[in-house]
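Before any questions on how it binds or moves, here is one chain, the form predicted on its own, in structure tokens.
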């Protein structure tokens, strides 16, 4: 998933519009963008939307961001949405693998007797300081876990910060640390690393720069807060023609030299980590290696 677009769960109009955004996944929100008074209505709208669209072809993946496990609202969210079989659930304010395991148990109880038993989990792992310290605990927490995302907005509130960015627009050090640890935590758990939202939805140049930086470092996708951000995110995280050709050449060189630890490609000596990187790039491009 390259682009993951947040959509308020209490707006049928925005949900329908989001289907045409070309986002790889819609993150239907029952949490931050929905007031306490509107939670129940949002559950109904979300459930109806899932029932109408989850079986459709060519659609984005449909994930629902529930309220946090400590809010007392999460089980009511799941009771309403799980009969409609979303592709996955987004767990906000996750504090390590224990929270993922707890959510997995809640999902299993609601899938009992059903044919799916396959609802995935995307955890947002840095929305409080405790979550940052728990980033090394996701490995082995649940087979449902497909990704770790990080976020700097809730974290800045938890820290009591005036801002999460410097005057130059770059993330300040506490948030760069959270970002880096999320990348490492995702790699340790063997799941996708997803970059945080870019909140200035009118600054497309800034968004593009942040996307390329994230992809360079190892993130495979980015969350979005506005449909206009989706094309830029999709383009930034899609392997280029040149990258695909290079990756194919690396894979072919190792295939032509079975047992070799090092091969030469275009005058450069490459070893097994380069092969793994090439294979991962081709997998993201949809090629079977």
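Numbering follows the first chain given and starts at 1. Please read these numbers as outputs of a predicted model, since none were measured by experiment.
The protein also exists as the form predicted together with a small molecule; that form is not presented, and the subsequent description refers to it.
The stretch in contact with the small molecule in the predicted bound form, judged by heavy atoms within 4.5 Å, is 28-36, chosen from 255-263, 28-36, 241-249, 42-50. Interface membership of residue 226, defined by any non-hydrogen atom within 4.5 Å of the small molecule in the predicted bound form, is confirmed. Looking at residue 282, you'd find every heavy atom of it more than 4.5 angstroms from the small molecule in the predicted bound form. Using a 4.5 angstroms limit between non-hydrogen atoms, residue 4 is distant from the small molecule in the predicted bound form.
Contact annotation: residue 65 falls within 4.5 Å of the small molecule in the predicted bound form, judged by heavy atom distances.
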